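Before any questions on binding or motion, here is one chain by itself as structure tokens, the form predicted on its own.
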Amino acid sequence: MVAITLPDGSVKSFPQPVSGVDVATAIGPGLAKAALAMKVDGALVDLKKVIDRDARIEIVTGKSPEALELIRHDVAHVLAEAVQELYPGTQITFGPATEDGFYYDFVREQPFTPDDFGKIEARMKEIIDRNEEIVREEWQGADAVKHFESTGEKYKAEWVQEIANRGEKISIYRQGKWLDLCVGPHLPSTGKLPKAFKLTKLSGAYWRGDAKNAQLQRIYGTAWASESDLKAHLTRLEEAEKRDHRRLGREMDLFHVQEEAAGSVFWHPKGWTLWRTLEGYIRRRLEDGGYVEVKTPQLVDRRLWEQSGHWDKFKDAMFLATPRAEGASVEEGDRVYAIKPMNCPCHVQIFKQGLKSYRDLPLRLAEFGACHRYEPSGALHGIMRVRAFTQDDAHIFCTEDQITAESIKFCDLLRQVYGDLGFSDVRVKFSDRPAIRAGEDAIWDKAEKALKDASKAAGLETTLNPGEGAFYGPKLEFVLRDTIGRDWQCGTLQVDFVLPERLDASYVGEDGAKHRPVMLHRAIFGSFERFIGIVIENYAGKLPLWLAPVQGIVATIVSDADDYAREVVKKARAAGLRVDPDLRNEKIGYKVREHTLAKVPLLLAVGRREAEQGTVAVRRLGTGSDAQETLALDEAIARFAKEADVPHA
């Protein structure tokens, strides 16, 4: 007998080994029809898997949390089958599910184009209509290699050979006449799949993610449990396209990037005004929080990075430099410097200058540190993913007893800052020890316990992000959800017992002996460049008045009002408003359209009547002419100056 425990705690006994199909059928025909897969003692497996022991089983249906990833993985296989049917000779490589869909990488001499998508999608729907049975098979390594070599699938053959060399089982999924190497699990048949999918874009990729290997063609798609979910997602994509910071950056004249400085940003006057406003805001918040600001070198000898452990972990991402100036000594010419990719080792050097006492702790060192990391050119994305960036970085040197209090203080500050910038939905991930790390397990046990205790004391609800801690300590990752539901990981808090030890930092305790400080690594924005991009997209360019680089335009309706417009600008600027004049000999409608495109929050129109009466006709961004109001000049300036106050200034 096999005893199967169901989620409600009830037990069903079967006289012989059973599959998930048998269990679902025994519960009821409705569940049997809806069943997609099952969980056996918590592990997700195929519905057809035979269970020959007592186990706890949960049937997975389209309403289960696990369903969407299953659907997306299966749709990826259907994509691959459709492509190979339509374009014989195309090789397949890998095709996983992603956060909102799937992709598959192909090898084909002729490039795919978006024009191919309609044809491929139609064939995918045919495959679903065929209701092809999906069956898992286990093959001998030699047989699998022989098969893929015989069908011209050299990439699959290479990968299968490596699996076979490790002595692992070769798991093959057959889908009708088509098959692929895969660990699964999968649905019982293609007919179980909804047709709520769409191919979305093309990109290049490299075999096994290595730029030294052959280039592949990647087809992306999105898949959902229903047509309504798909439609909602596509609407979100359209909205995201409207909010793309690269397009808005051009329209608002904020910044640009170009090939001659790949991964670096050229900030225009308006963009730099936005930067400086944000920097001034966070600087005041840090000063109020007891931080002291420092500045550390850009070029640092590799020996410091070796001592800290960053050289082993980040060497491939570092930009290196050696002295080549005329007259440089041989000894100096042999030295290798790294353009700093992070600030932490440099902050330890400042801490080590002079004898520190327990009375000096906590010491909070902040830096708007310019860092450089090599990102592959294909990964660069506007100002969101760059090679040169500025961190709002800080390191808190404290005692073990101060970890909780400092963590609470930081979390309170972080939530206030995010709230001021319009982000109220913040999720927190707890990232524990990675596989490759520095420090003994006992140190990691202590660091993880300290961070967990601090998180609880700070009132944070966290979800586990296993294995994603830094190499020197566990961390909290703060994820913002924007106005259209996208998540952005920005802030971090890390507890570090390792770097102070490696870099020999110490303080004199109350007992007169030397002790190691604990180092809390923390950031709120993460990087200015990326955070500004997030803010632009969150507000679709319609920034709050205090953040807008140009807060208002005084536009003349007739040239007779030019002198009055200059007076309005002068008074507004005296009140601290960032206001510019538009005295061009253009129709007011043209001016309104142009400044609306540039996302200027306030348009103050002035003509003969306004000049005579000392008023301004005010139109706000996003409102029509019927929402225009006329205000006395002094009243308007006082109102907008108050509205433009920087939070916590």
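None of these values were measured; they are calculated from a predicted model. Numbering starts at 1 and follows the sequence shown.
The discussion below concerns the form predicted together with the RNA, not included here.
With a 4.5 Å cutoff on heavy atoms, G263 counts as touching the RNA in the predicted complex.
Taking the partner from elsewhere, K192 is found to have every heavy atom lying beyond 4.5 Å of the RNA in the predicted complex.
In the predicted complex, the RNA lies farther than 4.5 Å from every heavy atom of P96.
Using a 4.5 Å cutoff between non-hydrogen atoms, K63 does not count as a contact of the RNA in the predicted complex.
Stretch 341-349 is the answer when you ask which of 130-138, 227-235, 572-580, 341-349 has residues with heavy atoms within 4.5 Å of the RNA in the predicted complex. Contact with the RNA in the predicted complex, defined as a heavy atom within 4.5 Å, is made by all three of H310, P376 and S559.
In summary, among the residues R486, K449, R174, R335, the only one with a non-hydrogen atom within 4.5 Å of the RNA in the predicted complex is R486. Listed residues W272, Y87, Y206, Y358 were compared with the RNA in the predicted complex; Y206 is the one with a heavy atom within 4.5 Å. Residues R246, R250, E259 of 245-261 are found to place at least one heavy atom within 4.5 Å of the RNA in the predicted complex. Relative to the shown form, the CA atoms of A262 and A211 are pushed 3 Å or more farther apart in the predicted complex.
Contraction of the F266-T483 CA spacing by 3 Å or more is recorded in the predicted complex, set against this form.
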